[in-house]
Ligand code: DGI
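Here we start with a single chain on its own, the form predicted on its own, put down as structure tokens.
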Amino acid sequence: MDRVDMIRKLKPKLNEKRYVHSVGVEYTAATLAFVYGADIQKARIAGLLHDCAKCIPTEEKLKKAKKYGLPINKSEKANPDLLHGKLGAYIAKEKFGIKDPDILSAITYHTTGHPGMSLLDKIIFVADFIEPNRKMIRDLTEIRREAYEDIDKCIIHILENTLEYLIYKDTIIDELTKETYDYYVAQNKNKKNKTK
């Protein structure tokens, strides 16, 4: 399926704001792929489709995830909106014909990240946070700069911000977000110790 067909199919699934965001993530993912030597085409597809399940109503997300036999953790059961990554990967595969496991993984984990992410996983995770249409939040200028200088440092910064925000909002935190943060903080410490 080429980009024109993909967009034709994607647009009705999203509201205007989410569609603009998705195109922004596609663009940003392509620039990051260019900088880090990843597959630009894969980055564009994953960026464009990463939120294809975002606008499914909350309760519907849970029903669909159960129907498709997707694994549902405690946080996702409590807040089914967290399922949009897993559901998005399923829809990308079934409705958009995406069979590439790298692309499907990047869509699955674009909000939580996961320990030991591939380069494409990292690119989509970061692009989702920094794309040009995002409203300005604390540290965003610095995070955008880090994205093109040290992607792992950038991931830690994003996760730090996300966890702080979720704690402040007293919202459910997906366990994987915390695990990912701990993993990359430990990785960063090891990296620093090796350079000493």
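Numbers for residues come from their place in the sequence shown, where the first is 1. Because the structure is a prediction, the values reported are computed rather than measured.
From this point on, the text means the form predicted together with ligand DGI, which you will not see here.
**Report entry** in the model of the complex, Leu82 touching ligand DGI (heavy atom, 4.5 Å)
**Finding:** Result yes; Leu82 sits at the interface with ligand DGI in the model of the complex.
Query raised in the report: Does Thr111 make contact with ligand DGI in the model of the complex, using a 4.5 Å heavy atom cut-off?
Result: Residue-level check for Thr111: yes, a contact with ligand DGI.
**Report entry** Contact of Arg18 with ligand DGI in the model of the complex (heavy atom, 4.5 Å)
**Finding:** Yes, contact at 4.5 Å.
Query raised in the report: Any of the heavy atoms of Leu10 lying within 4.5 Å of ligand DGI in the model of the complex?
Result: So Leu10 does not count as contacting ligand DGI.
Query raised in the report: Is ligand DGI close enough to Ile40, Arg144 and Glu146 in the model of the complex that each of the three has a heavy atom within 4.5 Å of it?
Result: Looking in the model of the complex, the three residues Ile40, Arg144 and Glu146 all stay beyond 4.5 Å of ligand DGI (heavy atoms).
Query raised in the report: Where does ligand DGI sit in the model of the complex: which of 146 to 154, 48 to 56, 27 to 35, 63 to 71, heavy atoms within 4.5 Å?
Result: Among the candidates, contact is made by 48 to 56.
Query - Residues within stretch 163 to 191 having a non-hydrogen atom within 4.5 Å of ligand DGI in the model of the complex - result: Residues within 4.5 Å: Tyr165, Leu166, Thr171, Ile172, Ile173, Asp174, Thr177.
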